[in-house]
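As a starting point, one isolated chain is supplied in structure tokens, in the form predicted alone.
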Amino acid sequence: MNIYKTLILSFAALGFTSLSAQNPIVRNQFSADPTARVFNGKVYVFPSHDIPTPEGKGLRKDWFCMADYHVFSSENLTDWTDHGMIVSQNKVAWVDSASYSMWAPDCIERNGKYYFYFPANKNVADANGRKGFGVGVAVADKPEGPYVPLSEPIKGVNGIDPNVFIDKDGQAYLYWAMGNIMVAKLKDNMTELASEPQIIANLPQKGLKEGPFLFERKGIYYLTIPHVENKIERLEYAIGDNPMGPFKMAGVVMDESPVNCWTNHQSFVEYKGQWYLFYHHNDYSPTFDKNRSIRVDSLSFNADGTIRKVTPTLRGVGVSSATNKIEIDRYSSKSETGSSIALLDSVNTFNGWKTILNDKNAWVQYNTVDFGKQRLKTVQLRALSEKGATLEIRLDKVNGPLVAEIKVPKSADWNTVEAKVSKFQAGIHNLIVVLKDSPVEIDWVQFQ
């Protein structure tokens, strides 16, 4: 795990970072528990920041470990900017800086101020003799910060995973988890409770539930939670006609991870007329599910307001430019046989993945690529083939228009090869790469 620490520290030192991504959307560090918000015409994502546990630190060995928070933004859900660290456990007076427990956060705007809510272990006991988790607030004039943390956590709140909702009448509500899901009204200053905390009733009693996120659509209030129905978390939701309930359990938003990532954590946002689900998975850490990465997929509703279950994708959302490097391992679909995905480097996982085509006519498809209006003349591809290989680049479907044929030389090393685009087509298309002969590994495709 030391290589992860080196990568994370070196990336963090860079400050502002531009990321071009599919799923996961943050590709230079571990991230989890994403809260997505629309501010000033952009989507901002406030996740927690997983790191490998330093020796002798954290709540326990080989457990969730977070020391700070970053914020990310995008106007197209494809190109993301890392605005750097906004809050650190070492800069908050009431936080136990040895606990590394800065778990799932939230952020909301009110009257031109941005209020960032975060949980962490307290360094002293409160008036009732309780230490444990508190929820703090940091305030900024811009969504990307700088944020100034308040010197004390919110009184009366002991728990994790804060979520804030402001109703149409202007009343703000704070939700959090600690065994049960709790709710209380907030004062207009957004830093104090305006009512006694109460337990939200009618939620599952069996199994862990945490991570509340509430949103409203067409008069329906949706309370969403990760819940362990069996052995690991799945995303579930309840509906009601009041932010404080009562709620009625209504269904599952996302099933349990097929590779047993124990946690999930969600937020929902509407942007430019489309709803999206933000969540996390252990993409860059397949053998240790406490180091996670955030994702996004499209979300839709049935006519009666119920949520259609979301199937996780690698492709994610957004439009990819043909002139950028397209990592086809984040595929939309692929042939049932003869195609697979693997890490480029099982140690340096942030190097990403590769597509492996082993059989003749095996293929991989990557949807929604913008070829623009100006003619693109060449296509480059980074590939490796020990016997040499021929690849066809097609559009829209496996037997669709052929735009290029690429010869990959016989080599045990990676090579960047180039071919002429024989038939340019403007606009947005699906991109398909088809193998015509010997096995090949592909890193990326790019048009020029």
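Residue numbers here begin at 1 and follow the sequence given. The structure presented is a predicted model; accordingly, all values stated were derived computationally and were not measured.
There is also a form predicted in complex with a small molecule; it is not shown, and the following applies to it.
With the small molecule omitted here, the record of contacts in the model of the complex names 59 to 67 of 37 to 45, 383 to 391, 59 to 67, 416 to 424, defined by a heavy atom within 4.5 Å. Taking S320, N291, S267, N264 one by one, only a single residue has any non-hydrogen atom within 4.5 Å of the small molecule in the model of the complex, and it is N264. Between the small molecule and the residues E144, E210, D82, E327, the one pair within 4.5 Å by heavy atoms in the model of the complex involves E210. Shown alone here, F350 lies farther than 4.5 Å from the small molecule in the model of the complex, counting heavy atoms only.
Taking the partner from the other structure, the small molecule in the model of the complex has no heavy atom within 4.5 Å of any heavy atom of F165. In the model of the complex, the small molecule sits within 4.5 Å of a heavy atom belonging to H280.
Among heavy atoms of W103, some come within 4.5 Å of the small molecule in the model of the complex.
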